[in-house]
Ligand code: COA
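Just the one chain here, laid out as structure tokens, in the form predicted alone.
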């Protein structure tokens, strides 16, 4: 595949400005009309430890963070040690020297090395914290990052902190430019020239979920802070008052989902957001939602586990928990997002499905996507359809759990004349009063499971990438889809017959679509970022397909090159 994009990686100590440097580069490229896709990783500690930010930018659409960097900027010796094995002929290497804490050992042949005294320059300017601005100035000159858009981004960021702060950072930025202008450039890497501006925004996965929930007419949000989901609550807290909604920071995850159920019972569109440990604590109340048929939306931003695990690292290991986490037979709908645009669109979908089917709906994201920023079309709120819960018409005797043709019973908000009822965790009859007979329990279980069966037909459950017969089909989910899309394109350019299958509706499982896809492929490969091959497990359990699992769990997402190599091995 012809490479027409550039990947810049910045690495250093947490607290040195690594993350903000990457944010500035991404924002500048987006302002210049280019596509961006970022990936970042940082330690779980508040300050200290290795942090990395990677920006991929291109004039064309980008599906993932890429294979590895073309340009690497090392703020310190640890960053160099973590990445030196990735330096290869043709890559550009910018590092803090002299005056930094390391001097590189033998730089591989063919690597274009550019020493920039970042620390020394910042000290000379009596602004030690502006080391990252020196680096940013040097990178802008060496790799054609638009000075105009970078200056706009920096002015917007630091202008809020006062003229003195702005001037200090702009001076460090100018110093970095001056240092780079004195270096002879020997590589050919450059950010694409600016294009005409487009109606786009640059937004992270977490913020996009928050935006989507507000577009979806969210009324009430309650959550307990947890990495990597907290930014969803921060976004909603900032904006929901403008729409007359309410946000509560609860004392723990059990309290948060309990408050969400209470608000939903009162007639409000309600949700919470958490990660794996919090979702585990919510399992009993998810059962309460299923039993009482009270709508609730839960966002699960997956992280490395189990237990506290890897709070800031990437994993897709909550699928078992999302689908079957809870006691008894507790039905729910589970969705999974691929990219930042999905985070907006499918947050609206999740709220709609919870309201329509009166059940828990889980929307699954992951740590990589949560912090990733991407360029997406600016959403038009008026273009989204809002689905409301079925409400009682006030006629006759109100029976909360009356059997209907679609098995979805009308709801009555508290205070509705004649609509008084109870909604508890006890098994019940049509009125909501406790009823424990064997016949009734089986009837109500059939009702609760039966009403969500139609979601497979109503909600576009999967996307098939390719047509006709294939030597290999790749089934994957979540943010790994974007990696597989690029790998599929590369493989086809090499003449390999390959197809992709990308489910967004994880449960109920659209079995017929899985079977139809597999029937056109000689072999099925299932890449996913968890140790057990969780989607592979469900495919084996629910279909006749015998997939080949490809599971990794090192805290990082797949790269397209890994998928390409694995496909060739399997074929």
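Numbering follows the first chain given and starts at 1. The shown structure was predicted, so the numbers you read here are calculated from the model rather than taken from an experiment.
If you look for the form predicted together with ligand COA, you will not find it shown, but the lines that follow are about it.
J.: With the cut-off set at 4.5 Å between non-hydrogen atoms, does residue 157 touch ligand COA in the model of the complex?
T.: Residue-level check for residue 157: yes, a contact with ligand COA.
J.: Hey, in the model of the complex, is residue 43 touching ligand COA, heavy atoms inside 4.5 Å?
T.: Yes, residue 43 lies within 4.5 Å of ligand COA in the model of the complex.
J.: So in the model of the complex, does residue 18 come within 4.5 Å of ligand COA, heavy atom to heavy atom?
T.: Residue 18: yes, in contact with ligand COA in the model of the complex.
J.: Consider residue 133 of the chain shown here, and say whether it contacts ligand COA in the model of the complex, taking contact as heavy atoms within 4.5 Å.
T.: Yes.
J.: If we take heavy atoms and a 4.5 Å cut-off, which stretch out of 496-504, 213-221, 384-392, 305-313 is in contact with ligand COA in the model of the complex?
T.: Every other range fails; the passing one is 305-313.
J.: Answer yes or no: in the model of the complex, does ligand COA come within 4.5 Å of a heavy atom in every one of 14, 161 and 169?
T.: Checked in the model of the complex: all three residues contact ligand COA.
J.: Out of 246, 83, 144, 227, which one falls within 4.5 Å of ligand COA in the model of the complex, going by heavy atoms?
T.: Residue within 4.5 Å of the partner: 227.
J.: Exactly one residue in 324, 129, 195, 190 has a non-hydrogen atom within 4.5 Å of ligand COA in the model of the complex; which is it?
T.: By the 4.5 Å heavy-atom cutoff, the listed residue in contact is 129.
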